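As structure tokens, one chain now follows by itself in the form predicted on its own.
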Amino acid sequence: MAMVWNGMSVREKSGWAMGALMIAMAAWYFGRLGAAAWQAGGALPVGMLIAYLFLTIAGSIVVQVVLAIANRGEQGAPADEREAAASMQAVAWAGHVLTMVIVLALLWFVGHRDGPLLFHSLFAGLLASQAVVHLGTAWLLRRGF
């Protein structure tokens, strides 16, 4: 595992690490949301959302600082053509994911008129699209895009 990690570019390492962070934080948020949202009569748990944002930002900073220290020579270098193309393709995939979630959430809302569920569906789509950007970029770089 260490040999594979050492053979990656800093952007690929960042993609895997940030993608894992996005998935872990989404699992934490939606795992805690289940009972809390419905016990509050469907009200939005603003405190949990603020905690999610704070923890995700702090986790992102830690990940990037660790990567910067571990990859001093490579950090801050401009993306080469392969990295830029992989990033653009992953962003395109993420756009499709986000569009699909928005359309499905709005169609559900038309039939059920559940505002909190609409909010959380759109928030989940945003989190999923960010995970796709990071993991898609890393995957494309790993397979030699």
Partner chain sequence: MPPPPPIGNRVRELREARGNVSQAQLGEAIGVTRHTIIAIEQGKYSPSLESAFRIARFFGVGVEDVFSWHG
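Bear in mind that the values here come from a model prediction, so they are computed numbers and not experimental data. Numbering follows the first chain given and starts at 1.
We do not show the form predicted in complex with its partner chain, though everything after this point is about it.
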> Might D114 be said to contact its partner chain in the model of the complex, defining contact as any heavy atom within 4.5 Å?
Replying inline: no
> Closest heavy atom of H120 to its partner chain in the model of the complex, within 4.5 Å or not?
Replying inline: no
> Should R82 be counted as a contact of its partner chain in the model of the complex, where contact means heavy atoms within 4.5 Å?
Replying inline: yes
>> Given a 4.5 Å cut-off on heavy atoms, tell me which of 57-65, 25-33, 95-103, 82-90 is the interface stretch with its partner chain in the model of the complex.
In response: 82-90
> Though the partner is not shown here, which residues of 110-144 have a heavy atom within 4.5 Å of its partner chain in the model of the complex?
Replying inline: R142, R143, G144
